Structure formats: C-alpha cells, structure tokens
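Take a look at this single chain, the form predicted on its own, given in structure tokens.
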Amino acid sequence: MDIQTKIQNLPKYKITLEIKAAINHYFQNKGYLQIDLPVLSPALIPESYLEIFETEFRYLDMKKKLYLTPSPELFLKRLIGQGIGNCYYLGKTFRNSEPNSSLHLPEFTMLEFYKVGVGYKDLATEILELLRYIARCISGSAYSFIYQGEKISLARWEELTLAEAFARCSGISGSDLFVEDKFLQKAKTKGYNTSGFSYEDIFSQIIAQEIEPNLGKNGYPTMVYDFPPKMASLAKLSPDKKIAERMEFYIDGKEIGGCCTEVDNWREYKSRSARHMKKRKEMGSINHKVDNEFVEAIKDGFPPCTGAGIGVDRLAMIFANAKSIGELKLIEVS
C-alpha cells in the first residue's frame, strides 16, 4: 500500500476544516443536537443502489458480522422516533464498489440532519441558508463565490421539477418519465440498451449521463424535486401517490446533496425494505442483516420530519475551488 503525503494541499484542507466548523456553528445556533454515532453496525437499512463494506468481530470462538455504515440514517431515525428532536451527524461514512474518482472515494464525510415537523421544500430553504452561512464564513460573502472561473450565486435556487429537468436535458417528457413502459421505450429509442434492465437501472443511467452534467450551470445551484414513486428510496409519497417528496441539488453539474420528507408508516417502510433486499439478492450484493429496530421505532410513533444528506467533501471541493476531492486530502492511500 502506497501512502502519499501532499503538504501542498494544506490550504484547501484548511478550508475543509473551516467548512466543518461553520456547519457545526450553524446547527448549534439553530438548536440542533450533534450526535456522535458508531460507524460499525450489525444491521443496516436495505438499499439496493449501493454496496457496503463487511467485516467481522472475533473473540476466541465468537464471530459476529459487522458493517461500515453507508450513512448515519439508521441511528438518527431511531433517535428521532424516541423523541430526540432536531439533530445532525457530521462524520465518516463508507460505500463500496464505486470507482475512485474526482467526486468519490469509498470513505467520505457526510452531513446528515433531521428536522421535525417540516416538509422537503421547507428543508430545501434551510439548506440554501446553510450554504449562504458557509460562504460567509469562508469568503465573507453570503450570496456568491467563484468556482473554476464561474460566479455561483446563492441568492436563490434554480428550481426544476425532475420532469422539467428530463424534458430540458434529455427530451423525455414528464408524461413519459412517470410511466414505466413509455419511459423504457423512449430510452430504447434514444439508443439505451433496455433488455434485462429495470426502470430504476435505466433511470439512473440517463440521469447520470444526460441530466446531472447540465444542472447548476446557470449561475445558481439547481434544486431538482418531485421524483417518480419508483425512485422514492425512503421518501414519503404525496397524498395522491403520484410523486415522491424528494429533492436533490447540484452545483456545476455535481450532485452535492438532497433531502426528502421521511416515510413515517412502518408498513410502507417494511414493504420498501423487502423490495430492496430482494433486489440486493438478485444483484449478488452483500447479504446483510436488516435493521428491524427502526421498524419498531416507527411503530412506537415516528413524528413527521424531513431528513437531508450532504456530501461534505464535494461541498468543500466547490468552496475551495478544487477540481477534485483529492485536492483536499493531505494523506492519500492507494
């Protein structure tokens, strides 16, 4: 294993530290409780779209499987269910089977926070407020900064429904996006190989190749909201069940984070978990134990709330005017 030390990255690394300090200060001023959480867990929330790291605790003849947490969600939601109120986590998370790139490393820093009694659009407003606070701490200006020669204004979101983003960037209309057969046919017409692939698979391909690179390019961060129900993950559906109450935001074509109104019905959560576990088995992913304690927490009374997740390394890359998250690291392991 080669370990490289890059002292020349020190100024940008310091910006990362300033951003973390700004995040802590913002949330503490807002009355959120910072939570220190384990990064090893014997059970996880099933998520078919990401892979995990598996390890094993050993003592004499005893062996127990443990997993590095891909997000702090399972622990924070249990605490929300127990009445802890608004809270946040700022720390390490881990995701496997994704190649190292300018935007991703298997170990990264995540900000995840939950606010009780609000919906996803309310929390989107608070996310923009957080970005302004960080900008003010880093550059002295709450409303703009420069990234790779381009001015980014935080005066407002560029707001697009996901249907509008698909129509603008890929030519697939909203009426086709939300209907599985029509969507797959449109994708096939565009040249995508749809044979043997699910709606979710093709959706992920098109959004990565045609939609995301064009978002956050008009001088403002772009907020994309209202996802198809099949792409809800753990977002709550609208009362008419036609959309998932979920948003994601982008700067310069890079996904930085997002939020969603959380599922608060334990039967719905259990049903979605079963679908994710089924798909994980079909894909040959690591077969981990399911965190059923969260189901019990919802049964006992889970308050209406919204949760958000932000990739702090990507956010720091933007504010530090770096081309890669690798430029923020003092130690690189390869």
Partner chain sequence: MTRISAGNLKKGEFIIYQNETWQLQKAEFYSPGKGSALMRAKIKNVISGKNIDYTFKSSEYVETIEVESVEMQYLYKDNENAYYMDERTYNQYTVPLAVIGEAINFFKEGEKMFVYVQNEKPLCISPPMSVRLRVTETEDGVKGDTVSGAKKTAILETGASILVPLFVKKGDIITLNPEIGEYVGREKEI
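Residue numbers count along the first chain shown, from 1. Because the structure is predicted, anything quoted here is derived from the model rather than measured.
The same protein also has a form predicted together with its partner chain, omitted here; what follows describes it.
Which of 73-81, 150-158, 103-111, 258-266 sits within 4.5 Å of its partner chain in the predicted bound form, heavy atom basis:
Of the stretches listed, the one contacting the partner is 103-111.
The unique member of 40, 277, 33, 50 whose heavy atoms fall within 4.5 Å of its partner chain in the predicted bound form
Contact check passes for 50.
Work out which of 86, 209, 173, 139 lies within 4.5 Å of its partner chain in the predicted bound form, going by heavy atoms.
Contact with its partner chain in the predicted bound form is made by 209 alone.
Answer yes if any heavy atom of residue 218 is within 4.5 Å of a heavy atom of its partner chain in the predicted bound form; otherwise answer no.
Flag for residue 218 set to no.
Quick one: does residue 117 come within 4.5 Å of its partner chain in the predicted bound form, counting heavy atoms only?
Judged by the heavy-atom cut-off of 4.5 Å, residue 117 is well away from its partner chain in the predicted bound form.
Partner contact for residue 248 in the predicted bound form: its partner chain, 4.5 angstroms, heavy atom
Yes - in the predicted bound form, heavy atoms of residue 248 and its partner chain come within 4.5 Å of each other.
Find out whether any non-hydrogen atom of residue 197 is located within 4.5 angstroms of its partner chain in the predicted bound form, and reply yes or no.
Because a heavy atom of residue 197 falls inside 4.5 Å of its partner chain in the predicted bound form, the answer is yes.
Kindly confirm or deny that 98, 193 and 205 each have some heavy atom within 4.5 angstroms of its partner chain in the predicted bound form.
Looking in the predicted bound form, the three residues 98, 193 and 205 all sit within 4.5 Å of its partner chain (heavy atoms).
Is any part of 288-324 within 4.5 angstroms of its partner chain in the predicted bound form by a non-hydrogen atom, and which residues would that be?
Contacting residue: only 314.
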